[in-house]
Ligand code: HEC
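Next up: a single chain in structure tokens, the form predicted alone.
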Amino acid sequence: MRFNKLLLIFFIFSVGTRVSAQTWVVPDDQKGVVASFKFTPDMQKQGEQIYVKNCQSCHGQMGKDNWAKLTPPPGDLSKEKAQVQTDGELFYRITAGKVPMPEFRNILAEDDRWWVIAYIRSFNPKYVQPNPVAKAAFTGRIVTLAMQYSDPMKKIVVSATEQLKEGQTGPAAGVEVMLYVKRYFGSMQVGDIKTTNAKGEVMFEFPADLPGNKDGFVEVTARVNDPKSVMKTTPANAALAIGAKTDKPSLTDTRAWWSVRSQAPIWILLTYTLSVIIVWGFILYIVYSIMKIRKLSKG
């Protein structure tokens, strides 16, 4: 009897934890947000490339139901649960993120995020895009980043320029910059957020032991930290030979707990299968006990 009570507590706790983790409220003023342009096939193709690079490792291939086994489950974005959401809800979730989903406002440009939505909607034959709403004239700062590696200083130098009046450009001082390096399942931030000086420059030290490919190349991206989206920014991307040379197979080519389902370790598969059997066995036991009680009460 005590064992049954413990199982019941465990089952209720597991279900409650999962329901709580799946709670993700989108602000009302964000639900009606729409794109400022009409989706086109070219945008959908661009969105597919961005999706494969940034989203597929968790959400899986569209329509294949092969998303990563996370809690809460990422789910297949081609399915009804995602498709019934408004464009504004999808855009907010992509932008703001929520653990374990990263925040993409500082990883993907605004148009990139809309292109991903255009790609997601291409799997819904009933989708009709809301009429685009033109944006008001932009009056904020327009900042462009550039990046290079200084071998003498052993640092990455990021320079920021901004558009001034009459088509001129100048150094963008006081701009917060973040540095990212591409990893298997997304982008990893390197160092802290730094602010450009009067020359519009900021320098980052790069970990010498951070793995690169077999030639030592790593894909590095510098982005402006603009959580309130008050600036128009262009990130800087570069493949730099500054990582530790690493000639190892892909994480998804070997058996590991972070790998694809077909390459998952045997003990994880057995543990998962046993857990499912126990849970369903417990549920069936409860159903059987209820039926038995009802039968006894009638007798």
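Numbers for residues come from their place in the sequence shown, where the first is 1. Computed from a predicted structure; not experimentally measured.
The form predicted in complex with this ligand is left out here; the points below concern that form.
**Student:** Among the candidate residues P100, P207, P132, P171, which is the single one with a non-hydrogen atom no more than 4.5 Å from this ligand in the model of the complex?
**Tutor:** When this ligand is considered in the model of the complex, the option within 4.5 Å is P100.
**Student:** Looking at V116, V177, L145, I156 here, can you tell me which has any non-hydrogen atom within 4.5 angstroms of this ligand in the model of the complex?
**Tutor:** In short, V116.
**Student:** Contact with this ligand in the model of the complex for S122, defined as at least one heavy atom pair within 4.5 Å: yes or no?
**Tutor:** Answer no; every heavy atom of S122 is more than 4.5 Å from this ligand in the model of the complex.
**Student:** Would you check, heavy atoms only and a 4.5 Å threshold, whether K126 touches this ligand in the model of the complex?
**Tutor:** K126: no contact with this ligand in the model of the complex.
**Student:** Do Q85 and this ligand come within 4.5 Å of each other in the model of the complex, heavy atoms counted?
**Tutor:** Heavy-atom contact with this ligand at 4.5 Å: present for Q85.
**Student:** Determine whether any heavy atom of G212 comes within 4.5 Å of a heavy atom of this ligand in the model of the complex, and answer yes or no.
**Tutor:** Looking in the model of the complex, residue contacts with this ligand do not include G212, since no heavy atom lies within 4.5 Å.
**Student:** Quick one: find which of 262 to 270, 36 to 44, 235 to 243, 49 to 57 has residues within 4.5 Å of this ligand in the model of the complex by heavy atom distance.
**Tutor:** Result of the contact check: 49 to 57.
**Student:** Tell me whether R183, G191 and F217, taken together, all sit within 4.5 Å of this ligand in the model of the complex, counting heavy atoms only.
**Tutor:** No residue of the spot touches this ligand in the model of the complex.
**Student:** Let me know which residues along 73 to 96 have a heavy atom within 4.5 Å of this ligand in the model of the complex, or say none if there are none.
**Tutor:** Sequence-ordered list: P73, P74, L77, K81, A82, Q85, L90, R93, I94.
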